[in-house]
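One chain comes next, on its own, written as structure tokens: the form predicted alone.
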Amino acid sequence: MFTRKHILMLPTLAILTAGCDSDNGALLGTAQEVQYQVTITNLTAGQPLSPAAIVVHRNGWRAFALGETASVALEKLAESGDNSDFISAAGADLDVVATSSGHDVIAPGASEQIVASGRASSTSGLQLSWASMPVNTNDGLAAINGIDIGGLAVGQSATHLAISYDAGTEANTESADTVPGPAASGLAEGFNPVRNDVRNAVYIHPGVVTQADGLSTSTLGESHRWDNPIARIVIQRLQ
């Protein structure tokens, strides 16, 4: 992979590699516009998904890793649904090609289309990550993490099923003062920098327990349960 220094050292005349076309970055060292449309469909019955965070990147950047501590930016997204710090931090990384934010909450059964655009010397090795918060949880994440999109030609699309994760930053009490979604009538605190989950690491979400399961302090009911996959993601290359 070229570093910024290497790109600046390339001669001004582009070298056209034999048999290449514009879909795979034929002009060596010449940045091209790339654009991807991401369609997110919420597959749950009662878990609205917070505004999406989309990141197009190379493998030097990652949203999170299972078994590792979540960043504060990811913690904020997972506890409050606020993706602003997550997108800002990603956008400042040299391995990130493009970022984009969803416009609104994605209701159960609903879909949203989001376009992410950027410039890259080649599409080879490009990946896409998406993260949203199932807002009737303490610190849940619906996500795809580093899906390979480098092989998509213009007009081509790929479908992926996303599962749910737990940021591991807040205990899953499901109480009205800690769940920021509509199940708590807007009473919750959202992001809290104090971490009280004993794991303090990202893991696969075990699901919610709810009042129906005997957790008397829970503000959640049967409609807030979900099974994996939690969402369907269609990625189409537009340019």
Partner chain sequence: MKRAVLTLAIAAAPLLSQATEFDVEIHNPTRGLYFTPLLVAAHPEDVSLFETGNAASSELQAMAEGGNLTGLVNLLNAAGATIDENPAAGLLAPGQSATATLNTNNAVANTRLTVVAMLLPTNDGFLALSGLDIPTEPGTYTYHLNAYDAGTEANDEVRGSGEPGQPGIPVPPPLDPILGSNGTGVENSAEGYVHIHRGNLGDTTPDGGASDIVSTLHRWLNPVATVTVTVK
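What you see is a predicted model; the values in this text were computed from it and never measured. Residue numbers count along the first chain shown, from 1.
This protein has a second form, the form predicted in complex with its partner chain, left out of what is shown; the following refers to that one.
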{"query": "Partner-contacting position among S164, Q127, T99, S122 - heavy atom within 4.5 Å of its partner chain in the predicted bound form", "finding": "S164"}
{"query": "Stretch in contact, per heavy atom within 4.5 angstroms of its partner chain in the predicted bound form, of 35-43, 176-184, 56-64, 207-215", "finding": "207-215"}
{"query": "Heavy atom of D227 within 4.5 Å of its partner chain in the predicted bound form", "finding": "yes"}
